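To begin, one chain is listed below as structure tokens, in the form predicted on its own.
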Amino acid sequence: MLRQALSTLVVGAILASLGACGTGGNTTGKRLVGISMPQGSSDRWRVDGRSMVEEFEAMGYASDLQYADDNIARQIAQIDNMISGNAEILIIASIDGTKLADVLAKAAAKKIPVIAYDRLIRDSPDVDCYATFDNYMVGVLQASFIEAGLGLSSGQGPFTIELFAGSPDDNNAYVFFDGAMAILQPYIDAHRLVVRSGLTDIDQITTMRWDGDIAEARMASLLATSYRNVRLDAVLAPYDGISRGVISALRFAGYGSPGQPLPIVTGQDAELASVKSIIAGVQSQTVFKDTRLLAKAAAQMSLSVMRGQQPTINDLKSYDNGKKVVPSYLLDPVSVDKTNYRSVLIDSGYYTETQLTT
């Protein structure tokens, strides 16, 4: 819902910036929605794309869903083709949120609205809305799990920890990290959490393209240089693919035995492999972002925009993309571990019992 503080003036400005779209032609005879996803190799983006197509089909719209395989030039070309193909609106989860200004200017010239999906598109005035989760809270949930698991709030410590962050070209990586450090930094300052590598600045710990192999190599290096005779107690990992890479390096170094249990390892996206790992007692936690709800929110937002109506917005201050504060709709993430995966993931129908046990 819109916040009560949303003024008539702001609403008017949003509506003026969005405008109504003309009807474009396509081979189905239906109004066309362009959906650009960064890649289709992970569970996360496949589910997002499929969910949005289903939502738009149910509304009577055609969809042009494209995956860019983490290739920036390919994503730009795909968006350009959607613009040429008479898409009435673009929903974009960017690979690099700083590289789309030129192609979005083309969309603006044709009065095609743009919705940033999950990842903020930066440095462009031509982003009309943003549909995402409360990304700051994602980091808070990850760090709070570490805080509780180590007993930091009850005075336990000191413990060792290493920090991983997401891709430096994804705005979300910085928001996740800020949320996590709001919890962890006081313990680091008090020396109750010790980062033996000394790497605590986000620019030192990013993981390009959220790549698990890069994370695995970095974790192996940290273990060899900073933890040769010292136990590692926790790892802040921002995404399940990174988590799995970290765990692979830990196991290779001898963690995961009764005498050397794995450290706490967080994650995000509740990917199937990581949920199975949590059930098996390997990965400790993930953050579930129900992308079915995000797809529905983006579809409803798009429908409002195409009708020239007011979209549902609940945040008007958090996401400044360098050119404007982008009106946003934020959904709530949920922390998942071995104690609640069933109620959160199975009871909601996101996964079946069979998927998680086979």
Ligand code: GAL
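From 1 onward, residues are counted along the sequence shown. Note that the structure is predicted; figures quoted are calculated from it, not measured.
The same protein has a further form, the form predicted in complex with this ligand, not shown here; the description that follows concerns it.
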Interface residue in the predicted complex among 119, 122, 244, 218, criterion: non-hydrogen atom within 4.5 angstroms of this ligand: 119
The single option of 172, 144, 160, 277 touching this ligand in the predicted complex, heavy atom within 4.5 Å: 172
Which of 107-115, 264-272, 179-187, 192-200 sits within 4.5 Å of this ligand in the predicted complex, heavy atom basis: 264-272
This ligand contact at residue 329 in the predicted complex, heavy atom, 4.5 Å: no
Heavy atom of residue 292 within 4.5 Å of this ligand in the predicted complex: no
4.5 Å heavy atom contact, residue 45 and this ligand in the predicted complex: yes
This ligand contact at residue 164 in the predicted complex, heavy atom, 4.5 Å: no
Within 4.5 Å of this ligand in the predicted complex: residues from 218-248 (heavy atom criterion): 239
